[in-house]
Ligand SMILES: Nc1ncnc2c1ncn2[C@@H]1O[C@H](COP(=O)(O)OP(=O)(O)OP(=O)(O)O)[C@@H](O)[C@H]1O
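This document opens with one chain alone, in structure tokens, the form predicted on its own.
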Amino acid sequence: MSAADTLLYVESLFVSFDGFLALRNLNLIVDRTERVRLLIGPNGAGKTTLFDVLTGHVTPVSGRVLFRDTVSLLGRSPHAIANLGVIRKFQTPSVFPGHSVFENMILSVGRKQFGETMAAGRRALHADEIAAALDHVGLLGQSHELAGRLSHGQKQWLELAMLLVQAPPLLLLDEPVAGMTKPEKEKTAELLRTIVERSSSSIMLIEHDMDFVRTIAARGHRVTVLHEGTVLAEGPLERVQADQRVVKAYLGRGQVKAEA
């Protein structure tokens, strides 16, 4: 494997928890030109553990993880990795419910003191970037509404906007449509499309909702299937679905046949 011209390069990654190999000899490459990579697989496949390694929450036994060809992510704190531009959105939205949508956005750009950030916001600091990010996720009209009053889906979209305004080179999304209604899932799929079109961020996302996966993958994005801590298959969704190893792994875990 070569790390040249890659956004993310993972080689021979092993992670052990009390002797259990959560990741075993995992290899993965995301090219610099790749905008979306879908990560799927049964529970326990190692998807979240991989995200934990990429963001500095878990230290592997061995392996290499390079960001932008040469920058090693291993041994760095989560804060240091975020400063490099690898930012993660967890399944549960992390917003400040007692503050407005606009105030949440101001806080997301990295200011330390709340009073200072509010004053800075009124002076229109980052106003264009904030407006663009809120427009991307359809919340521009709710700028002055308390974040705590938003629906679950809207809170997810607000957090997306809070991350996008930081313009991360790599945005990691962990089950972005979990708990959403069908219309919210459809809107989220459309939001990801506009994010890809309008921003410079590349997205890597974990998802179990196969209808959502199909919607995103239909635009030509690659799918990586993890199973028992390693890459089982990779490529366009049609090829992955036809792979008998994938079919067997999903059926063996009791998954619905259509999801295989």
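Note that residue numbering follows the sequence shown and begins at 1. These figures come from a predicted structure and were not determined experimentally.
Just so it is clear, the following notes concern the form predicted together with the named molecule, a form of the same protein that is not shown.
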| query | finding |
| --- | --- |
| Option touching the named molecule, based on a heavy atom within 4.5 Å in the predicted bound form, out of L237, L13, V246, A22 | A22 |
| The unique member of T55, T224, T49, S202 whose heavy atoms fall within 4.5 Å of the named molecule in the predicted bound form | T49 |
| Among 25 to 33, 38 to 46, 215 to 223, 189 to 197, the region lying within 4.5 Å of the named molecule in the predicted bound form by heavy atom distance | 38 to 46 |
| Close approach of R68 to the named molecule in the predicted bound form, 4.5 Å, heavy atom | no |
| Close approach of H208 to the named molecule in the predicted bound form, 4.5 Å, heavy atom | yes |
| The named molecule contact at E103 in the predicted bound form, heavy atom, 4.5 Å | no |
| The named molecule contact at E175 in the predicted bound form, heavy atom, 4.5 Å | yes |
